[in-house]
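Form predicted alone, single chain, as structure tokens, below.
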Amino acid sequence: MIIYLNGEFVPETQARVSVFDRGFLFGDGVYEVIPVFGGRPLRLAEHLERLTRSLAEVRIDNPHDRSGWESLFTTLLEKNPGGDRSLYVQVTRGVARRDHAFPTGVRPTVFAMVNPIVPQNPAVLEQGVAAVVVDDHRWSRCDIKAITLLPNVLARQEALDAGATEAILIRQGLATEGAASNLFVVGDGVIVTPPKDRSLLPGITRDLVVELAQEAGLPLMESTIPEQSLRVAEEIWLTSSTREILPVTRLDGRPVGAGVPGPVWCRVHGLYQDYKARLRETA
């Protein structure tokens, strides 16, 4: 694999980051994950807008303008040819002696790599996945796509330990999102997803799903989801850039709805696949 690190494209075995990098010492940085289908990044402008916002919120200077990022990604994809892939980019505050205060005169560390997107197991699309409900112990600025992900890691591992795929997080009685995904439920035929605020990450795939459902005339609303509503939902979905739209058919060991992917999920999943096909055709 060829990666990008601070202005150079190098084999991964040759990449080196200082132990004094604030990303290593403090988790002081942000990141983005951008899926690429047929050589075309999905919603690149929106991903770059979110990256720009995250950098501004943590007060790290953006190391590139939009054209600079696009050029970097194009070259990185050319050096790592393949099928469907995802771009991972991480920006930290840079290298400085350990001190909580922001250092002066340092340059951000910029790292980017390409990973293959593994096609979803057909069994998942036929049977769905299991999820568990856990308390949301994360900080209050989940709208920033920060690299400080230890609470998410612990929640996801709790799900895996329980034989589930994902953890759905509960904060003050409300379902916010998954450990690494956004949340949708269907009740009385209406699609519901929590509104974007500081308690959850504004997902690019989430927004695309909202847009596709609305364009298709499907009833959808952005509203808080009490834990009880989650437990009586007809359908539950989890969305992310690389896993797309996962149907949850078991929650804490109990069936969701009929215990199989529901009809509304089937419709929206088809709309998403059609969108990807159109993106590939423009490559």
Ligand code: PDD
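One-based numbering along the sequence shown. Because the structure is a prediction, the values reported are computed rather than measured.
The same protein also has a form predicted in complex with ligand PDD, omitted here; what follows describes it.
Contact check for residue 145: a non-hydrogen atom falls within 4.5 Å of ligand PDD in the predicted bound form. Mapping the unseen interface onto this chain, residue 85 falls outside it, with no heavy atom inside 4.5 Å of ligand PDD in the predicted bound form. When ligand PDD is considered in the predicted bound form, residue 138 lines it closely, a heavy atom lying within 4.5 Å. Remark: residue 93 does not count among the residues lining ligand PDD in the predicted bound form, judged by a heavy atom distance of 4.5 Å or less. Only one segment in the set 66-74, 46-54, 213-221, 246-254 has residues whose heavy atoms sit within 4.5 Å of ligand PDD in the predicted bound form; it is 46-54. Residue in contact with ligand PDD in the predicted bound form (any heavy atom within 4.5 Å), chosen from 180, 159, 114, 192: 180. Of the residues in 199-232, those that come within 4.5 Å of ligand PDD in the predicted bound form through at least one heavy atom are, in sequence order, 201, 203, 204, 205, 206.
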